[in-house]
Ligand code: SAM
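First comes one chain, alone, set out as structure tokens in the form predicted on its own.
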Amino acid sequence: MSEGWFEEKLFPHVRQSFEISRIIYRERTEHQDLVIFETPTYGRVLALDDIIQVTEKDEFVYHEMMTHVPILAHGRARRVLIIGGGDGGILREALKHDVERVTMVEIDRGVVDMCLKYMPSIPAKAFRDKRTDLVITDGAKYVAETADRFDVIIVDSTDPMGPGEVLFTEAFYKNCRRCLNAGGILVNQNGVPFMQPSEIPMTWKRRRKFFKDTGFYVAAVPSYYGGFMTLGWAALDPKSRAVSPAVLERRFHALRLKTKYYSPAIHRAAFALPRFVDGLMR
């Protein structure tokens, strides 16, 4: 950060910058460098190891699509596991559903505490909900050892580097499969394919031996530079992806969900991949 600008250097040869109104908080946690700063366009922004993770103004896109797509596709999800997601946005959205328990496994307590303090609109009241079970530990270790089983697993991780790298391994996907009930669904953050094309074949090849249906869907998140973001999809039942529009509409309206990006129509359309993205799964 220099001269009032935050410069993200996630991709070689390309950088994006955010004007800083003021720095709210910065520290080196046990696991990563954490900074929260105010911007004129995106409101407050959280960056980890100099990479943008979430902003107040556009977080709804990512959190709604990561959460409502798998849970509404499943249709009977009662137990949800979130790996990562320390800002609480996915937890907030998951609790809008008729679930019994949402277990959130976050490696860095500092992310949870600082988002609660400085970006409270994102988690809202989610961490105080009696259905929330917050576990501070390594997500890969948790799925390797837990005896609990889940209907939906949502992996809200950083990119496959540093603390997030282990959450893209074949062993991790195998253990997620072990933790899913019959008909279970796994989704994950899978990068921007125009800028990170290697992540799609890597994820697809590592997961397809454990799941009957693997693929990706897309969402347009303004603060994630490079066009569409891909979200990884892996289901034990191929019918989950093919839920009819009428069924999605019925499930959506029964919950009276209030969303700003997600809709049943967007749900279905998100699986229609641009040809260059589809071509990476070959």
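Position 1 is the first residue in the sequence shown; the rest follow in order. Everything numeric in this text was worked out from a predicted model, so none of it was measured.
Only in words, not in the display: the form predicted together with this ligand, which the text now covers.
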| query | finding |
| --- | --- |
| Segment assignment from 67-75, 204-212, 174-182, 131-139: heavy atom within 4.5 Å of this ligand in the predicted bound form | 131-139 |
| is_contact(Gln53, this ligand) in the predicted bound form, heavy atom dist at most 4.5 Å | yes |
| Any non-hydrogen atom of Tyr217 within 4.5 angstroms of this ligand in the predicted bound form | no |
| In the predicted bound form, Glu199 touching this ligand (heavy atom, 4.5 Å) | no |
| Contact of Glu106 with this ligand in the predicted bound form (heavy atom, 4.5 Å) | yes |
| The unique member of Val187, Ile122, Val192, Leu167 whose heavy atoms fall within 4.5 Å of this ligand in the predicted bound form | Leu167 |
| Candidate from Ala235, Leu248, Val61, Leu46 lying within 4.5 Å of this ligand in the predicted bound form - any heavy atom | Leu46 |
| Interface residues of 215-250 toward this ligand, as seen in the predicted bound form [heavy atoms, 4.5 Å] | Tyr224, Met229 |
